[in-house]
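First, one chain by itself: the form predicted on its own, in C-alpha coordinates.
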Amino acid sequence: MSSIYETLRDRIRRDEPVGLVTVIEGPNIGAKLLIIPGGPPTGSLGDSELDRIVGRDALAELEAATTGVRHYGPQGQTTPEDLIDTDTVSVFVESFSPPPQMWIFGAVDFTAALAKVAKVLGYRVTVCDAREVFATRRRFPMADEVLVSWPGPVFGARGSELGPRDAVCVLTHDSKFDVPAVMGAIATRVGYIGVMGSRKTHDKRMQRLAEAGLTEPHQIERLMSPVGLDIGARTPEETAISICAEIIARRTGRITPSLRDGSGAIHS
(Lines give C-alpha, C1' and ligand atoms only; values in the text may rest on other atoms or scores of the structure.)
Protein backbone atom coordinates (compact mmCIF):
# COMPACT_ATOMS: atom_id res chain seq x y z
CA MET A 1 0.00 0.00 0.00
CA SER A 2 2.89 2.35 0.71
CA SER A 3 3.93 2.25 -2.98
CA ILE A 4 0.46 3.49 -3.95
CA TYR A 5 0.71 6.48 -1.64
CA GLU A 6 4.28 7.20 -2.70
CA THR A 7 3.34 7.15 -6.38
CA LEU A 8 0.29 9.30 -5.67
CA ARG A 9 2.41 11.80 -3.75
CA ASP A 10 5.12 11.96 -6.41
CA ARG A 11 2.69 12.48 -9.30
CA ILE A 12 0.80 15.20 -7.44
CA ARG A 13 4.08 16.97 -6.68
CA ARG A 14 5.10 16.75 -10.36
CA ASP A 15 1.65 18.04 -11.41
CA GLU A 16 0.93 14.82 -13.31
CA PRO A 17 -2.58 13.33 -13.59
CA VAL A 18 -3.40 10.48 -11.24
CA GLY A 19 -6.57 8.96 -9.81
CA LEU A 20 -7.19 7.07 -6.59
CA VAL A 21 -10.17 4.71 -6.20
CA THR A 22 -11.20 3.54 -2.73
CA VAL A 23 -13.92 1.05 -1.78
CA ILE A 24 -16.19 2.84 0.72
CA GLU A 25 -19.08 0.35 0.89
CA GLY A 26 -19.41 -3.37 0.26
CA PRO A 27 -16.76 -6.11 0.22
CA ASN A 28 -13.12 -5.11 0.77
CA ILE A 29 -13.81 -1.70 2.31
CA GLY A 30 -10.66 0.38 2.13
CA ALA A 31 -9.20 -1.44 -0.88
CA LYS A 32 -7.53 0.94 -3.33
CA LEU A 33 -6.71 1.17 -7.02
CA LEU A 34 -4.29 3.78 -8.34
CA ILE A 35 -5.01 4.98 -11.88
CA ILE A 36 -2.31 6.45 -14.14
CA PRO A 37 -3.05 7.45 -17.76
CA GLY A 38 -1.17 5.25 -20.20
CA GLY A 39 -0.07 2.76 -17.55
CA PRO A 40 -1.42 -0.26 -15.68
CA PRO A 41 -3.30 0.37 -12.42
CA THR A 42 -1.68 -0.38 -9.08
CA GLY A 43 -3.49 -2.23 -6.31
CA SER A 44 -6.82 -4.05 -6.44
CA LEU A 45 -10.41 -3.66 -5.31
CA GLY A 46 -10.73 -7.41 -4.77
CA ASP A 47 -11.76 -8.66 -8.22
CA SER A 48 -9.92 -8.45 -11.53
CA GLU A 49 -13.03 -7.67 -13.59
CA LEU A 50 -14.10 -5.02 -11.09
CA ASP A 51 -10.61 -3.54 -11.34
CA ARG A 52 -10.88 -3.41 -15.13
CA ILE A 53 -14.31 -1.74 -15.24
CA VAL A 54 -13.60 0.71 -12.43
CA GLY A 55 -10.19 1.53 -13.90
CA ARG A 56 -11.79 2.38 -17.24
CA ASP A 57 -14.40 4.61 -15.61
CA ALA A 58 -11.84 6.26 -13.34
CA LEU A 59 -9.74 7.22 -16.36
CA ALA A 60 -12.77 9.02 -17.80
CA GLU A 61 -13.31 10.80 -14.46
CA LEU A 62 -9.66 11.78 -14.41
CA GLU A 63 -9.79 13.21 -17.91
CA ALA A 64 -12.81 15.28 -16.96
CA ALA A 65 -11.17 16.28 -13.64
CA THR A 66 -14.22 15.12 -11.69
CA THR A 67 -14.39 13.39 -8.32
CA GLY A 68 -17.33 11.37 -7.02
CA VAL A 69 -18.91 8.09 -5.92
CA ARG A 70 -19.73 5.23 -8.30
CA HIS A 71 -21.61 1.97 -7.70
CA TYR A 72 -20.90 -1.49 -9.15
CA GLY A 73 -21.61 -5.14 -8.66
CA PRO A 74 -18.87 -7.35 -7.16
CA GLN A 75 -17.56 -8.17 -10.67
CA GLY A 76 -18.04 -4.68 -12.08
CA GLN A 77 -21.70 -4.97 -13.09
CA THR A 78 -23.19 -1.59 -13.94
CA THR A 79 -26.68 -2.14 -15.37
CA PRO A 80 -29.70 -2.14 -13.03
CA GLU A 81 -30.67 -5.66 -14.12
CA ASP A 82 -27.24 -7.00 -13.24
CA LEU A 83 -27.31 -5.32 -9.82
CA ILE A 84 -30.57 -6.97 -8.72
CA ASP A 85 -30.09 -9.47 -5.88
CA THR A 86 -26.36 -8.81 -5.62
CA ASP A 87 -24.13 -6.89 -3.25
CA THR A 88 -23.23 -3.37 -4.28
CA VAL A 89 -19.69 -2.04 -4.21
CA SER A 90 -19.45 1.73 -3.78
CA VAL A 91 -16.16 3.37 -4.68
CA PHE A 92 -14.90 6.91 -4.23
CA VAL A 93 -12.96 8.14 -7.26
CA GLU A 94 -10.55 10.99 -6.50
CA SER A 95 -9.14 12.80 -9.53
CA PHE A 96 -5.90 14.71 -9.19
CA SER A 97 -5.65 16.50 -12.52
CA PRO A 98 -3.25 19.28 -13.48
CA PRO A 99 -4.81 22.64 -14.30
CA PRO A 100 -6.36 22.97 -17.78
CA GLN A 101 -4.08 24.54 -20.33
CA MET A 102 -4.61 27.55 -22.54
CA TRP A 103 -2.19 28.06 -25.41
CA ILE A 104 -2.34 31.57 -26.85
CA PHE A 105 -0.70 32.14 -30.22
CA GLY A 106 0.29 35.70 -31.00
CA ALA A 107 2.02 38.13 -28.62
CA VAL A 108 -0.42 41.03 -29.03
CA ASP A 109 -2.24 43.40 -26.65
CA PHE A 110 -5.27 41.11 -26.50
CA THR A 111 -2.99 38.27 -25.37
CA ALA A 112 -2.02 39.96 -22.12
CA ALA A 113 -5.67 40.54 -21.19
CA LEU A 114 -6.69 36.99 -22.11
CA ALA A 115 -3.80 35.52 -20.14
CA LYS A 116 -4.86 37.48 -17.04
CA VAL A 117 -8.48 36.32 -17.20
CA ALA A 118 -7.45 32.73 -17.96
CA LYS A 119 -5.20 32.68 -14.89
CA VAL A 120 -8.11 33.82 -12.72
CA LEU A 121 -10.07 30.83 -14.05
CA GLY A 122 -7.26 28.46 -13.13
CA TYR A 123 -5.64 27.83 -16.50
CA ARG A 124 -1.97 27.16 -17.04
CA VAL A 125 -1.21 29.73 -19.74
CA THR A 126 1.38 29.44 -22.50
CA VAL A 127 2.01 32.36 -24.86
CA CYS A 128 3.71 31.60 -28.17
CA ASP A 129 5.00 33.87 -30.93
CA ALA A 130 7.82 33.52 -33.43
CA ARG A 131 8.89 37.13 -32.92
CA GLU A 132 11.48 37.23 -30.17
CA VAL A 133 11.09 40.95 -29.57
CA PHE A 134 7.39 40.53 -28.71
CA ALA A 135 7.32 37.15 -26.95
CA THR A 136 9.03 38.18 -23.72
CA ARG A 137 8.49 37.46 -20.06
CA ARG A 138 8.45 41.19 -19.41
CA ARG A 139 5.37 41.69 -21.62
CA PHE A 140 3.56 38.64 -20.27
CA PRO A 141 4.56 38.18 -16.61
CA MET A 142 1.19 36.55 -15.89
CA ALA A 143 1.85 33.66 -18.28
CA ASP A 144 3.27 30.41 -16.95
CA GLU A 145 5.38 30.02 -20.08
CA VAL A 146 6.42 32.25 -22.97
CA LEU A 147 7.73 30.49 -26.08
CA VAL A 148 9.57 31.96 -29.04
CA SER A 149 8.58 29.47 -31.70
CA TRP A 150 6.47 28.78 -34.74
CA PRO A 151 3.31 26.77 -34.00
CA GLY A 152 4.39 23.60 -35.83
CA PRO A 153 7.23 22.62 -33.49
CA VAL A 154 5.11 23.34 -30.41
CA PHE A 155 2.25 21.11 -31.55
CA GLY A 156 4.68 18.48 -32.79
CA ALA A 157 6.41 18.24 -29.43
CA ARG A 158 3.49 18.80 -27.05
CA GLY A 159 0.20 18.59 -28.92
CA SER A 160 -0.57 15.23 -27.34
CA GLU A 161 -0.83 16.98 -23.97
CA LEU A 162 -4.00 18.81 -24.98
CA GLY A 163 -7.39 17.36 -24.10
CA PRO A 164 -11.06 18.32 -23.83
CA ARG A 165 -10.47 20.60 -20.84
CA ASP A 166 -7.87 22.70 -22.69
CA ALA A 167 -8.09 25.65 -25.07
CA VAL A 168 -6.12 27.04 -27.98
CA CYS A 169 -6.64 30.70 -28.89
CA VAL A 170 -5.13 32.13 -32.07
CA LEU A 171 -5.01 35.92 -31.89
CA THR A 172 -2.80 36.75 -34.87
CA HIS A 173 -3.73 37.99 -38.33
CA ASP A 174 -0.62 36.65 -40.06
CA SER A 175 -1.38 33.69 -42.32
CA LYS A 176 2.19 32.41 -41.95
CA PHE A 177 1.46 31.96 -38.24
CA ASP A 178 -2.28 31.51 -37.76
CA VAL A 179 -2.79 28.85 -40.44
CA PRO A 180 -0.22 26.42 -38.97
CA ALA A 181 -1.54 27.26 -35.48
CA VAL A 182 -5.09 26.31 -36.46
CA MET A 183 -3.96 23.20 -38.33
CA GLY A 184 -1.86 22.16 -35.36
CA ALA A 185 -4.79 22.63 -32.98
CA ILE A 186 -7.18 20.68 -35.21
CA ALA A 187 -4.85 17.68 -35.06
CA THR A 188 -5.18 17.52 -31.24
CA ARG A 189 -7.99 16.59 -28.87
CA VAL A 190 -8.21 20.13 -27.50
CA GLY A 191 -11.72 21.09 -26.43
CA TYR A 192 -11.78 24.69 -27.67
CA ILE A 193 -10.20 26.40 -30.66
CA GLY A 194 -10.83 30.14 -30.91
CA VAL A 195 -9.52 32.32 -33.73
CA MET A 196 -9.65 36.11 -33.66
CA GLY A 197 -10.61 38.29 -36.59
CA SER A 198 -13.47 40.00 -38.34
CA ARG A 199 -15.87 38.06 -40.52
CA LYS A 200 -13.98 39.27 -43.58
CA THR A 201 -10.71 38.12 -42.05
CA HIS A 202 -12.31 34.80 -41.16
CA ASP A 203 -13.51 34.22 -44.74
CA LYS A 204 -10.02 34.88 -46.13
CA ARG A 205 -8.48 32.65 -43.47
CA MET A 206 -10.86 29.81 -44.31
CA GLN A 207 -9.69 29.95 -47.91
CA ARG A 208 -6.09 29.55 -46.77
CA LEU A 209 -7.05 26.77 -44.37
CA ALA A 210 -8.84 24.93 -47.15
CA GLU A 211 -5.69 25.15 -49.24
CA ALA A 212 -3.81 23.69 -46.25
CA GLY A 213 -6.21 20.74 -46.14
CA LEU A 214 -8.93 21.82 -43.70
CA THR A 215 -12.04 20.71 -45.58
CA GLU A 216 -13.89 18.24 -43.35
CA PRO A 217 -17.10 19.74 -41.88
CA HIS A 218 -16.53 18.20 -38.45
CA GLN A 219 -13.12 19.87 -38.31
CA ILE A 220 -14.41 23.24 -39.45
CA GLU A 221 -17.18 23.02 -36.83
CA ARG A 222 -14.53 22.98 -34.11
CA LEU A 223 -13.38 26.50 -34.97
CA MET A 224 -14.91 29.35 -32.99
CA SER A 225 -14.26 32.26 -35.32
CA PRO A 226 -14.89 35.11 -34.94
CA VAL A 227 -13.96 34.23 -31.38
CA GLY A 228 -16.01 34.97 -28.28
CA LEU A 229 -19.60 35.57 -27.20
CA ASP A 230 -21.53 38.37 -28.85
CA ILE A 231 -21.56 40.76 -25.87
CA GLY A 232 -20.37 43.87 -27.70
CA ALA A 233 -16.79 43.58 -26.43
CA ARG A 234 -14.34 46.18 -27.73
CA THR A 235 -11.36 46.51 -25.40
CA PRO A 236 -8.78 43.74 -24.89
CA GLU A 237 -10.18 43.12 -21.41
CA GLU A 238 -13.77 42.89 -22.61
CA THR A 239 -12.70 40.61 -25.44
CA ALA A 240 -10.86 38.36 -22.99
CA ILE A 241 -14.03 38.00 -20.91
CA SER A 242 -16.00 37.29 -24.09
CA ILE A 243 -13.59 34.50 -25.08
CA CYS A 244 -13.45 32.90 -21.63
CA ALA A 245 -17.23 33.08 -21.31
CA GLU A 246 -17.54 31.24 -24.61
CA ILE A 247 -15.10 28.58 -23.42
CA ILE A 248 -17.19 28.04 -20.28
CA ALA A 249 -20.44 27.93 -22.28
CA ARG A 250 -19.05 25.37 -24.74
CA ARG A 251 -17.75 23.20 -21.94
CA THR A 252 -21.06 23.22 -20.06
CA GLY A 253 -23.18 22.79 -23.17
CA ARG A 254 -25.06 26.07 -22.82
CA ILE A 255 -26.62 27.69 -25.89
CA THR A 256 -25.18 31.19 -26.08
CA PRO A 257 -24.90 33.96 -28.70
CA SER A 258 -21.46 33.24 -30.15
CA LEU A 259 -20.05 35.66 -32.70
CA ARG A 260 -19.34 32.71 -34.97
CA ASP A 261 -23.04 32.02 -35.37
CA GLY A 262 -24.08 35.62 -36.07
CA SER A 263 -23.87 37.85 -39.10
CA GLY A 264 -22.94 41.41 -39.90
CA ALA A 265 -20.29 43.57 -38.30
CA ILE A 266 -18.80 42.40 -35.00
CA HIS A 267 -18.68 45.97 -33.67
CA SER A 268 -21.79 48.05 -34.15
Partner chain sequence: MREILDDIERWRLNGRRVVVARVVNIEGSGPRDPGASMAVNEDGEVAGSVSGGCVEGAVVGEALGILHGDQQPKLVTFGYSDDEAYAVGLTCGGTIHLFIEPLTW
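Note that this is a predicted model, so its numbers are computed, not measured. Think of the rigid core as the biggest set of C-alphas that the two forms share within 1.5 Å after superposition. Numbering follows the first chain given and starts at 1.
There is another form of this protein, the form predicted together with its partner chain, and it is not shown here; the text below is about that form.
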Query raised in the report: Pick from 180 to 188, 95 to 103, 108 to 116, 141 to 149: which stretch has a heavy atom within 4.5 Å of its partner chain in the predicted bound form?
Result: 95 to 103
Query raised in the report: Can any non-hydrogen atom of residue 44 be found within 4.5 angstroms of its partner chain in the predicted bound form?
Result: no
Query raised in the report: Any chance residue 20 has a heavy atom within 4.5 Å of its partner chain in the predicted bound form?
Result: yes
Query - residue 64 within 4.5 Å of its partner chain in the predicted bound form, heavy atoms - result: no
Query - 4.5 angstroms heavy atom contact with its partner chain in the predicted bound form for residue 254 - result: no
Query raised in the report: Looking at 213, 232, 39, 30, which is the one with a non-hydrogen atom within 4.5 Å of its partner chain in the predicted bound form?
Result: 30
Query raised in the report: Core-aligned, does residue 96 move its Cα 2 Å or more between the shown form and the other one?
Result: yes
Query raised in the report: Hey, does residue 212 budge by 2 Å or more at the Cα between the shown form and the other one once the core is superposed?
Result: no
Report summary line: Distance flag for residue 10 and residue 119 (Cα, change 3 Å or more) in the predicted bound form: the two residues are closer
**Report entry** Change in CA distance between residue 122 and residue 10 in the predicted bound form, which is 3 Å or more, as closer or farther
**Finding:** closer
